[in-house]
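The chain below stands alone, shown as structure tokens; this is the form predicted alone.
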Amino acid sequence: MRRVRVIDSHTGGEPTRVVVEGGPDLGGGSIAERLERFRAKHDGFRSAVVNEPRGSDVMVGALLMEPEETSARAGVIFFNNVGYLGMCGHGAIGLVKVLEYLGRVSTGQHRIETPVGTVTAQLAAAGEVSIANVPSYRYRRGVSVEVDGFGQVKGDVAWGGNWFYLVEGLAGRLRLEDAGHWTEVTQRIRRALEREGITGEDGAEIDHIELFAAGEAGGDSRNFVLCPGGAYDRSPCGTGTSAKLACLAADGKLLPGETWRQESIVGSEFQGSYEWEGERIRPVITGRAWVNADGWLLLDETDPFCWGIRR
């Protein structure tokens, strides 16, 4: 019987499950190198942590590790029901609150290593967490794609720690009761991008689709984000908000230091701002997370679903 200690949180409604004990030994080196070992040799562990019967399609996992650099507070690999994420904004916010819960960090600034670079987290006394994300940018503007049942759809391709296709104006309103409909729409958009060979830089897969409409709770806009495993993000999506900020900055619609209030489909909110770093921006995403479970997963290899139900 293998025991794995996990601490769960949610950030704006989106869950994160942090593995703090009992994870695989991935050796040393960079977080990117350790991710490749995780993917190659321990993918069953990923599935066991976040897939049914212990998890769900919505769950995002985070494997907490020692950082490579002594100046960093932690290293982390984010993963979901079908694979691995370069960065995860809501997950990073949740991770910081878990580290606070464990007594490993207090208010102030902390560096966290991810597979796509080091991010800086600021934990405020009031509980908010601000993540200075990896440099973000718009790769292509106004890319059209023919979507089954919708005809031509136009959007931007941008990087915010993951690759996004961002669509404005397709939805008049984004309401939670219509989440099933928008899930189908965004899945069709993703299939159309694949069919037409539209990618991020260097042929990278665009694995997140993001729709925007007017805000309904005082925010500047509301979004709907389809994640790689087919679930939609309950939070406003930290990397998706970073990609949005990159597009706004490129169009001159948001100035450095100005605040963008991004609502999610469930009504939670992130605040975003940025500064230029050369031709890219450094987004800062602020939100709140709450720790809501602390326990052990039991991995019994006599259980036919010990390693999760995989797609």
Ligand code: PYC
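On a predicted model such as this, the values are computed, not experimentally measured, just so you know. The numbering used is simple: start at 1 and walk along the sequence shown.
The form predicted in complex with the named molecule is left out here; the points below concern that form.
Heavy atoms within 4.5 Å of the named molecule in the predicted bound form are found in one stretch of 138-146, 115-123, 193-201, 226-234, which is 226-234.
Interface membership of Cys88, defined by any non-hydrogen atom within 4.5 Å of the named molecule in the predicted bound form, is confirmed. Contact check for Gly155: no non-hydrogen atom falls within 4.5 Å of the named molecule in the predicted bound form. When the named molecule is considered in the predicted bound form, His110 lies well away from it, no heavy atom lying within 4.5 Å.
In the predicted bound form, the named molecule lies farther than 4.5 Å from every heavy atom of Gly94. At a distance of at most 4.5 angstroms from the named molecule in the predicted bound form, none of the three residues Arg222, Gln262 and Ser268 contributes a non-hydrogen atom.
Contacts of stretch 149-185 with the named molecule in the predicted bound form, defined by any heavy atom lying within 4.5 Å, are made by Asn162 alone.
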